[in-house]
Ligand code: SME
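Just the one chain here, the form predicted alone, laid out as structure tokens.
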Amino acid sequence: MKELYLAAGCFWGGEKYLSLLDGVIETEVGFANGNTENPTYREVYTDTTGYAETIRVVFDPEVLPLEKLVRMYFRSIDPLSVNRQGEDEGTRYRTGVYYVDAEDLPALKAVFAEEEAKAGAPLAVELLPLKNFYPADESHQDYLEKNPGGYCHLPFALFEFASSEAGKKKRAYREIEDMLASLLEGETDPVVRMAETAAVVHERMGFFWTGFYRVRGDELLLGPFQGPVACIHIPFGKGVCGTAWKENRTIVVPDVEAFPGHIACSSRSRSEIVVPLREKGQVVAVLDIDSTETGTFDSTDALMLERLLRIV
């Protein structure tokens, strides 16, 4: 995964647009490259802190190359406008690309050169290393998701343009997140929490098999699940589930037949993802999901399922 910080005017609309792009895993709005510590929204609004409203973008470069991300960013801004985007005016609304990896600079400069040639004039977009970044308070995160009728300087057509299958997948997972947060509120029994999670994910995503295996001694023991009959015991380090437990990491398997030592609980399973459930850093269970088609799971599933398990 990589990250880039993009100032695109009002960060409410910019975040929504960027979050829809195929390959974007996570977004967070905040304030970048200013001169004070821990600025508030009200302080930044005065244009005395030097900060720009900015979106932190975490993305998968194998799905969304850096150059494409920046080209898509340019589609959402007026690159010749100084300290103004739409009706929003002030230094806090200036545009800029702030990088954390110096090795990205040549690729960024190449895209800037392309965009300047298109515009036929010098760009009013900063290209600088990230000096600092402070997240905005929670009320500003995913603002247009929380307030669908809220103000946005970007046209709705731009959001439609950005939408993709990956975007739809992320929105589905976010709906599951909200549902589970509500359903599991106040529930302390771990088996109940696993059972409800398996049921909601299975129903909403339409997977072939969705369930948990719990750590018991030196093996994984079948826990709450949705789907056909499954293996009951999986040894430590065996199969996809046992390997994910041993290595304490999420494993995405596009084709189970190509995974060394794959345990075939069902001949209908063709691809699989296994996500560890941790308590104080230790794996206490794994979430195992199977599909009847190859190549079903990707980095979007991995990141969004890891987010879900924080609720569990």
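Numbers for residues come from their place in the sequence shown, where the first is 1. Note that the structure is a prediction, hence the values are computed from the model and not measured.
One more form of this protein, predicted in complex with the ligand, exists but is not displayed; see below.
- No member of the trio 15, 70 and 72 reaches the ligand in the predicted complex with any non-hydrogen atom inside 4.5 Å.
- The closest non-hydrogen atom of residue 241 lies within 4.5 Å of the ligand in the predicted complex.
- For the chain shown alone, residue 246 is not a contact residue for the ligand in the predicted complex, no non-hydrogen atom being within 4.5 angstroms.
- At the 4.5 Å threshold, heavy atoms of residue 191 stay clear of the ligand in the predicted complex, well away from it.
- In the predicted complex, residue 272 approaches the ligand with a heavy atom inside 4.5 Å.
- None of 230, 205, 82, 184 but one reaches within 4.5 angstroms of the ligand in the predicted complex through a heavy atom, and that residue is 230.
- Checked against the ligand in the predicted complex, the candidates 66, 263, 283, 58 yield a single residue with a heavy atom inside 4.5 Å, and that residue is 263.
- Comment: 230-238 is the region of 230-238, 137-145, 72-80, 93-101 lying near the ligand in the predicted complex, near meaning a non-hydrogen atom within 4.5 Å.
- Contacts to the ligand in the predicted complex (heavy atom within 4.5 Å) from stretch 274-312: 288, 290.
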